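What follows is a single chain, given as structure tokens, in the form predicted on its own.
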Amino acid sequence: MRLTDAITGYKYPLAAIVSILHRGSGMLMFFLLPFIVWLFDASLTSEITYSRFTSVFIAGAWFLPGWFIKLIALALIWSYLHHLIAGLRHLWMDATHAVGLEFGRQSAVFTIGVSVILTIALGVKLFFF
């Protein structure tokens, strides 16, 4: 029994889960917007702030270790990629009126698959290079 079945007694289709994650990724990007602005400012102000910016991912900042800062950045990467791909999925469905059950399932699988694969690829780059 899945967690969603135990809580609601209803088995959500994959398209509904993608839609919920689309909203969640948008909220995550909104709430982490101050962190994004800080990253952008720190990377563009000067060479000194850029080196300080890159050292945060190694040594950490404030009371947070570097690996945790990388996890926050990885969450932002996933959030952006998932939100972008799910948004394109919704635009495609609106533009072509492709709202069938089969297309919804296939596009949901594509959305999750591509966003996870791209997040893993960028996560490897973030953590190991």
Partner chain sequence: MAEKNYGSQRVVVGAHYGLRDWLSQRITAALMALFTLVLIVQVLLPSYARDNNGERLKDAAGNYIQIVGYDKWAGIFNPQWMRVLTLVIIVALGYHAWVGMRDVWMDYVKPVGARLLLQVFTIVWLVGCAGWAIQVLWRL
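Numbering follows the first chain given and starts at 1. These numbers come from a predicted model, not from an experiment.
Although it is not shown, the form predicted together with the partner chain is what the next lines describe.
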Contact check in the predicted complex: 37, 45 and 50 versus the partner chain, with a cutoff of 4.5 Å between any heavy atoms. Do all three pass?
yes
Residue 11 within 4.5 Å of the partner chain in the predicted complex, heavy atoms
no
If you check in the predicted complex, is residue 31 within 4.5 Å of the partner chain, heavy atoms only?
yes
Look up in the predicted complex whether residue 20 has a non-hydrogen atom within 4.5 angstroms of the partner chain, and give yes or no.
yes
Can you work out whether residue 78 and the partner chain are in contact in the predicted complex, taking contact to mean some heavy atom pair no more than 4.5 Å apart?
no
From first to last in sequence, which residues of 52-84 have any non-hydrogen atom within 4.5 angstroms of the partner chain in the predicted complex?
80, 83, 84
